[in-house]
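Given next are two forms of a protein chain, the same chain in both, each as structure tokens and marked structure 1 or structure 2.
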Structure 1
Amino acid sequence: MSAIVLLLLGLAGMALGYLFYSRFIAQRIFKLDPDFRTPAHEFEDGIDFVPTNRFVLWGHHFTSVAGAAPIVGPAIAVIWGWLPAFLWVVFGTIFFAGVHDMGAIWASVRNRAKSVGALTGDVVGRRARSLFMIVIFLVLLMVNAVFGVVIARLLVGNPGAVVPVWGAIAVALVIGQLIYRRLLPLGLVSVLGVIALYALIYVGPQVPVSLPDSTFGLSANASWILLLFLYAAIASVLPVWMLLQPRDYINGLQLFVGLILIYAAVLIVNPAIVAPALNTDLPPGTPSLIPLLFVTIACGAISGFHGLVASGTTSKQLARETDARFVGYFGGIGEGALSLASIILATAGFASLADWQAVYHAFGQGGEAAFVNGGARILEQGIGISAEVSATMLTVMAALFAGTTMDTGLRLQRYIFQEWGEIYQIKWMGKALPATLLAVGTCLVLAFGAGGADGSGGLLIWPLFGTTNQLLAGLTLLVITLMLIQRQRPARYTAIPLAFLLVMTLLGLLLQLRSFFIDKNWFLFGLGSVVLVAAVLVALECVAALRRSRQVAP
């Protein structure tokens, strides 16, 4: 099987989805209105509410939602063979992710840019809102605590990535000034930003940076985690145009350059996909493809975290409601394209089937290492970039995505505390600084309280991320569907993905609970049970709200 065939089929499918399906959903279902006054204009404050160029906002939305998940998830899921992962990524992007992201932005913009949790209170009811926000808080806690660990390990394991990862922050600060203070043309600023970023990637391996093995009794890994949270806390309270927006924008451009290089290398080398289409020789202990495929690949098909970003930061910066199609749906396309590259590199970046099987000898293997190593091999053969620089470039790509997700995740967690302060009339919690300290504090308590001096406590609850995240996506679709029904518009375009996702995710969660019970892992069993009960109760509240709306409808 030629990797070129897979590449062209996947890109063609997603392009058609954007050109035709997204236009239909935007115009006929959500009825996006270019004259609607968005919250970015209505509440403009120069900090969180900032009307933004749609290309810049696309960069923010896409890189915030991407993280490392669209790379890691598909690179793990190919253990079942490349075909199931390919089909889920392509069709999931077209019919699930794009509609979900665009719908979450639309729902939030039509409700004063409220988060999906808060607007649940308006659409469904206060009890559902409280339950939903528990699920949201857990997802954000998992993302922030775990991504801190992931980035720290990348920096410890790849000292050459330290300069480009931290240097990108300085580049972003300059880019923000050039766009908003110097008012330079966006095209010129974009070129300067990309050149600066790739210059850092070139310099990084020549100036590796490592922290001491022990600083005040903390390992290098733990020291990086503390520095990352200190940075994220500062970033989360700065005006979005100063760091968050430009950092995400140039990272989005970096992705395009990286994807162009990867796709060009694939077209030149034309590597064969050595992995089987359907793997019938699965390693012992590999879970069943159904339902776990739809939980393992989240970002790149559909992800609940997208709804948090769409209704958390993106909706506050949307200049025109019609931009939701480009920012939201095309953001999903960007993730799908990245996941497609991950599938190709993790199945065609090996010399033989035996080499591939040696890596994929157990479930959970492959992942980011398969993406980086396979990509470095193809880039060296196709473009002539040395394996060392290629590996650094791909590592930096993963680390920057994880970093931008952590930036936005901590800001969103701050919003959650502020909304709780507003809901329960706790005035001090509604302020930015105390809410930020609470957000960082809960993450650090999990990281160091549960994980010890190494700071890896977030990994303890990570096994629940996939199912909790996908439940969140289903519940977001549930709220959007309810809004459409209340407006007497066709709802099957969100209801069908919703039904499929809820069934698969609930099955996955039940299987996980059974596994936790057998292993006597009472912590994860209890936490998973809380998530399951909360999700079921929110769904029941939505059904009740739907009945009420039908009773009052003319």
Structure 2
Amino acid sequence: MSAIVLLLLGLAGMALGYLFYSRFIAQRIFKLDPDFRTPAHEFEDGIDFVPTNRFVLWGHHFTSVAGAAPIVGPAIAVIWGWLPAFLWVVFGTIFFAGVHDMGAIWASVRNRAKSVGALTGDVVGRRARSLFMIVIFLVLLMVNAVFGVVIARLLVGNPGAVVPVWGAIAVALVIGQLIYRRLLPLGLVSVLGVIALYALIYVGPQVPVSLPDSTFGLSANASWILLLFLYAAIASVLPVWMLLQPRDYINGLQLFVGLILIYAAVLIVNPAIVAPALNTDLPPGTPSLIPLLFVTIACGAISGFHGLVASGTTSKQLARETDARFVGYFGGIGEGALSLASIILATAGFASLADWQAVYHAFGQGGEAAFVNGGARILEQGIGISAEVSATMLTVMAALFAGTTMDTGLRLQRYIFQEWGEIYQIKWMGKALPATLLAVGTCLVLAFGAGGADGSGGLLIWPLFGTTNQLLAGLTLLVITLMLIQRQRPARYTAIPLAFLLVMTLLGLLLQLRSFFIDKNWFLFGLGSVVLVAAVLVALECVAALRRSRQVAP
């Protein structure tokens, strides 16, 4: 199987989905109206509510939702073979993600740009809203713990990436200073920043940095995790203009450059996919494809995190309601395209099937390492960038994504603690520093409590992240479905994905709980149980709300 065929099939499928299916959903189901006065105009305040150019808004939406997940999830899921991952990413993007993202923006825009959490309170009920807070907190906790491990693994596996990954922070700090203190034009600073970032990527492999195998009894992996959390804690309390804003910006630019390079290299090299379409020789201990495929690949197919961004910031900046199709649906396609690249690199970037099997020798293997190594091989052959520099570039790409998501995630987690401090009148918890320490502390408990001295607890809970994240997506779809029913419009286009997601999430959770119970892994069993209870309650709330809305509807 040629990678170009897979690439073109995938992209063509998504393009057709955008051209036809999204138009049908936008015009017939959501009935997007170009004359509707969006909250961006109605409440325009120059702060939250600002009518924004749709291309800019698409960039904002896409880079906000693109974390490490669309890279890591598919690169792990190809263990079942490339076909299931490919089909789920393409059809998931067309029928699930695009509709979910566009629907979340529409639902929010039609409700004074309220966030999905607030909407849940209005449309479903207050109990569901409280559940939503718990689910959001768990997702953030898992994102931070998982991404800490992902970056640490990348740094241990690719010592050449240490300089560019940490150097990118310095580049962002300098950019922030140049823009705000020296008042240099943004165009010039952007060019300088990108050049500096790629210069670091070139220099990195020549000055590899490895931590000693043991520092105070901690492995190199564990030391990196601690350092990363220290960094994220500092980043989350620094003013946004200093680090987060320039870092996200330069990261977004790098994403576009990286994607173009990857697709160009695949088109030039046309590598053959060495992995089997359906892997019948699964390593022992690999869980069943159904339902775990649908929770392992969350971002790239459908992800609850998108609903938070879509209804949080995107909906407040939508200039015309019809833009929701481009921003939301095409944002989903952006993630799908990144996942597709990840599938291709993790299946076609190996010399032979034996090489591929050596990497995918157990479930949870491969992942970002397969993306980096496979991609490096294709980039070297296609564009002539040496394998070492290519590997560093892809590592930096994956690590920067995980890093920006991690420091934003930690900041959001801090806000939740501060909110709880206010709600329950615990004064010290309402302050920034103690709340940050609590956020970092809970992440470290998860990383080291579940993973032992290695600190890799985050990765053990990756499938749990999938289920929790899908729960969020389910809640968003539920809100959209209820709104459609209330307006007496066909609801099956969101109800079917909703039902599918809930069934797969519950099944996946039950299977995982069983294996945690057998392994006597009480920590994960406990955490999984919380998610299960939340999932069941969400399902019940869903049924109750549907019944209520039927009674209300004439």
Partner chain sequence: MTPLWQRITHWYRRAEAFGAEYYNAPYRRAIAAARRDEEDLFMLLVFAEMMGIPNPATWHTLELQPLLLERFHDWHRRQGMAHSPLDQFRCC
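Counting starts at 1 and follows the sequence of structure 1. Keep in mind the model is a prediction, meaning the values are calculated, not measured. Basically, rigid core = biggest C-alpha set you can superpose within 1.5 Å across the two forms.
- Shown as structure 1 is the form predicted on its own, with the alternative form given as structure 2.
- Once both forms are overlaid on the rigid core, the distance between the two CA positions of residue 497 between the two structures is under 2 angstroms.
- After superposition on the rigid core, the Cα of residue 438 moves by 2 Å or more between the two structures.
- Annotation for residue 55: C-alpha shift under 2 angstroms between the two structures, rigid core superposed.
- Aligning the rigid core between the two structures leaves the CA of residue 515 offset by 2.7 Å.
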